[in-house]
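The chain below stands alone and is given in structure tokens; this is the form predicted on its own.
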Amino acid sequence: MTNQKTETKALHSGYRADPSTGSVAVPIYQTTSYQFQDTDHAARLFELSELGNIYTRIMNPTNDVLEKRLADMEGGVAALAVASGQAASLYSIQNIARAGDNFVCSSHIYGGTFNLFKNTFKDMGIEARFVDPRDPENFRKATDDNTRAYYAETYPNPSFEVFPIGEVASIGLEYGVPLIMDNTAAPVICKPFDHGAAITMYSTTKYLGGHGNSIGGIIIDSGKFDWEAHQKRFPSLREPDSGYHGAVWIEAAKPLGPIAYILKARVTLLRDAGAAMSPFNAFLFLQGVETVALRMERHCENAMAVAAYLNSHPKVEKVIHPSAQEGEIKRRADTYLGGNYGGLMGVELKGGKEAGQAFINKLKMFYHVANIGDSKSLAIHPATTTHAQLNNEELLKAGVTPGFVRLSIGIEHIDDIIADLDQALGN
């Protein structure tokens, strides 16, 4: 069947039944290696004239189903499962950038990613140029001949101002620069490829998994970016790769489809750096993916109700959620999220840092954890935890004030969620 909806793809894409046993559930292939048919078969796999299993650090049948399923759900052609969302962020840039190169990044991103890009990439000789995403033209202004990508979060944590995907993707097309979107906080409700993004990535740890039991990440290739047409900007894809017997990735991928980007990431970065997703975690993510569309409906519905409640509360200074936004920021939320505003929000309490910390300490049902996208409701004080590595100027640019509390609204009954918030606020 073709043209299936996302909810159907989440249950069926990439797998029907195990050919050996008929198992309808995807088996956990807990193996390190695979028997080759003969020496010719092994040679074909290693020279990439045939795709198949070589070693679980590079590929695994359980992971393969997850990769195919999420690629199909996203509207892409191929995907690469990795050990964490941080590994996905790292590989997504490192795959096409070398020492001396740069990429332009939204300043509205998760604190851990900000630190990775600002400091770890700097040590590698790759420059992250942070710009305010409120004006898409800032990406143009920061672009030069050594710019290899644009990077942003769809529904950025913690500013919760939806990124102008189409506007920045269009600027990138003028220069031959691909837009990489971290869509972790907006699965199902946003499809970045529909708006011009070239690559998406997820921390599968969050909404896709949905149960707070596994760490993982994934990179998805749209297959739509013309790397060959802009090959002067991407020497890592057009020049012989000494790390893989001189392979030229744009050419090597042609018999296999428009997968030069994801192919290189798999057989160089994943092979060499080894941030492989465990097959057991892939199995658990497949369970989460089956219900992610249903869960996102409830997350969005509950978050809307919480935003309305908090917006009228006398102890709340401000609610940061698309439902409370106006003007161009609100238009972008409507354009890219279609009225399903996600399950995340920020709240600034009157009384600053002390009020924020006191509020969290009084919560009883909400979990105080450094995570988002769980089925359970979660809360944290970013300025002293997830974004503590940022200085005061960087905190404000990211949208984090001293009294800011981040809420990840779960799928519990809305009456119970509001009751816990109400008692924590002192009513």
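In case it trips you up, residue 1 is the first one in the sequence shown, and so on. Just so we're clear, the structure is a prediction, and the values are computed from it rather than from any experiment.
This protein has a second form, the form predicted in complex with a small molecule, left out of what is shown; the following refers to that one.
**Study point:** Close approach of I215 to the small molecule in the predicted complex, 4.5 Å, heavy atom
**Key:** Result yes; I215 sits at the interface with the small molecule in the predicted complex.
Check your understanding: At the 4.5 Å heavy atom threshold, is F234 in contact with the small molecule in the predicted complex?
Key -> Result no; F234 lies far from the small molecule in the predicted complex.
Check your understanding: Looking in the predicted complex, any heavy atom of F103 within 4.5 Å of the small molecule?
Key -> So F103 does not count as contacting the small molecule.
Exercise for review: Considering only heavy atoms, tell me if S84 and the small molecule come within 4.5 Å of each other in the predicted complex.
Suggested key: The answer is yes: S84 has a heavy atom within 4.5 Å of the small molecule.
Exercise for review: For the three residues N60, N281 and F283, verify that every one has a non-hydrogen atom within 4.5 Å of the small molecule in the predicted complex; reply yes or no.
Suggested key: Checked in the predicted complex: no contact with the small molecule for any of the three.
Review point. Out of 222-230, 348-356, 316-324, 200-208, where are the residues with a heavy atom within 4.5 Å of the small molecule in the predicted complex?
Key: Selected stretch: 200-208.
Exercise for review: Go through V65, V400, I372, I380 and name the one with a heavy atom inside 4.5 Å of the small molecule in the predicted complex.
Suggested key: It is I372 that has a heavy atom within 4.5 Å of the partner.
Review point. Which listed residue (F117, F160, F193, Y110) meets the criterion of a heavy atom within 4.5 Å of the small molecule in the predicted complex?
Key: Result of the distance check: Y110.
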